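Let's start with one chain on its own, the form predicted on its own, as structure tokens.
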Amino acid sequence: MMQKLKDYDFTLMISPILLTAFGLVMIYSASMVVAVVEGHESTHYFTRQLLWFGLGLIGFIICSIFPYKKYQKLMRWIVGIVVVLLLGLFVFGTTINNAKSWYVIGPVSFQPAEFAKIALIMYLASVYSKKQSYLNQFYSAVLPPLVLTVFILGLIVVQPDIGTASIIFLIACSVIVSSGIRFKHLLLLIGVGVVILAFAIPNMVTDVRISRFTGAYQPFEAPETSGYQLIQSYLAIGVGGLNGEGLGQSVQKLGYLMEAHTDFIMAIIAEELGFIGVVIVIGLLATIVLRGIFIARKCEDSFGALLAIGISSMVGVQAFINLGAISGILPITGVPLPFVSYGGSSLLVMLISMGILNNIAKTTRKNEQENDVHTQEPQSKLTFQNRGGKTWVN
């Protein structure tokens, strides 16, 4: 039993759990006032996230044990279910924060676009790993998987959920580039992407989206409207300093900073725990991303390597977009901070992904150990020779 546990990557087991546990504490701190104002118990959001954490932990354990190569046999089911769920939003979806992105079933709500992230990572990793022998052929190898990718992106864009669509697009790019496609094909894809954006952007531009850009890059020109949220984030970050005001002592969470327990939880961390708290969170996120890339480099199976790259990219890209939004580097798009922000669908997908990454790490380590055993020279060699009708042993 202990030998089997040693095969797992403890860095990838401990880091997500620590981040999630820390996130639970911060969610309670950031949401208790809002929960009471909304008529709930002060522990309302904390309890709901704790339940998702329990479900995610089960998914983490199962996916750590389940052989990752078997996902290739289940690919049609995985992708098919995700596409059906995304299409079903047009009929059964619920609009939250101006986006019809959610299914609400009693007290439970979930966002199918979160599951589309990991499904698309699996799909692209599976397809491009099978096409390695003829990946230099653009129309037969590179292009076909992009049709489904664009279709899924389109379903998410029209919700509209630009933040999640941006994450999926960047994840897809990381997997495609890592698959080893030719540089001229990459340039061709970039050119096609630019043309599509040139036609799509005029239709996507609305007053709300323009205000997000002006709010991000000119917040003090509209401090009471589009720039309000970012200014409150700046205040929280600035007040925190090095050590912070102390756990639970945030002022911005008292109705000044909206979505304090979701998209802007890092601003509350900065206010209460200061620069030190921010560095710890970013350090743990960076550890997960770098460890995932290291596993991808060590993995000799192309499907496993691309899958590890996609999962690492998902964590890194989502963290970058979230941190960029709270600091004014990027427009606010409603992207949660991985493992830390309130959000059941996001947490569940992240923990499942960590389970898959752990299984890749375990399989890679076992393969290395088996290769080491096979390459070792035996200390003595017995050879049998027949000499004159007699058997000799050397």
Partner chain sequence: MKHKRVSAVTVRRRIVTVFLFGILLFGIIDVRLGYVQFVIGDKLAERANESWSRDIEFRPERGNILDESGEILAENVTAPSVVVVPSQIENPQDVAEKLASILDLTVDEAYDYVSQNESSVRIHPEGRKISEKQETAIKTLNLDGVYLAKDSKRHYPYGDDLSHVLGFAGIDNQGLTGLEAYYDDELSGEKGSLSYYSDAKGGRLEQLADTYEPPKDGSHLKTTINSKVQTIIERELDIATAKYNPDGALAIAVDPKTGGVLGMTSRPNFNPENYQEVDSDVYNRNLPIWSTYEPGSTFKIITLASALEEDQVDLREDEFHDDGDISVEGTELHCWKTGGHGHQSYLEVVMNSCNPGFVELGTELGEEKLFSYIEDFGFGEKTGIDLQGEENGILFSPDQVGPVELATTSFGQGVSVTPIQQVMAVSAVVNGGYLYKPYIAKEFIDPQTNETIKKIEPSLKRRVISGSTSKEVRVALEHVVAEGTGRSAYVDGYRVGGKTGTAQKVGPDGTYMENNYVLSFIGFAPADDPEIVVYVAIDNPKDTIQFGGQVAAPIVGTIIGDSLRAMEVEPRDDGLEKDYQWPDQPKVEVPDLVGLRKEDLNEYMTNLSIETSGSGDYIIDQAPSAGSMLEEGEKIRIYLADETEENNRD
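All values reported here derive from a predicted model rather than from experimental measurement. Residue numbers count along the first chain shown, from 1.
Same protein, other form: the form predicted in complex with its partner chain, not shown, and the subject of what follows.
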* Asked: Out of 85-93, 109-117, 69-77, 176-184, where are the residues with a heavy atom within 4.5 Å of its partner chain in the model of the complex?
  -> 176-184
* Of Leu254, Ile105, Ile190, Val147, the one that lies within 4.5 Å of its partner chain in the model of the complex (heavy atoms) -> Leu254
* To do: Select from the listed residues Leu153, Ile282, Ile81, Leu247 the one whose heavy atoms reach within 4.5 Å of its partner chain in the model of the complex.
  => Ile282
* its partner chain contact at Ala286 in the model of the complex, heavy atom, 4.5 Å -> yes
* Report whether the minimum heavy atom distance between Ile309 and its partner chain in the model of the complex is within 4.5 Å. => yes
* **Proximity of Tyr234 to its partner chain in the model of the complex, heavy atoms at 4.5 Å** => yes
* To do: Evaluate Gly240 for contact with its partner chain in the model of the complex, applying a 4.5 angstroms cut-off between non-hydrogen atoms, and reply yes or no.
  => yes
* Pull the contact list for 289-303: residues with a heavy atom within 4.5 Å of its partner chain in the model of the complex, in sequence order. => Val289, Leu290, Ile293, Ala296, Arg297, Lys298, Cys299, Glu300
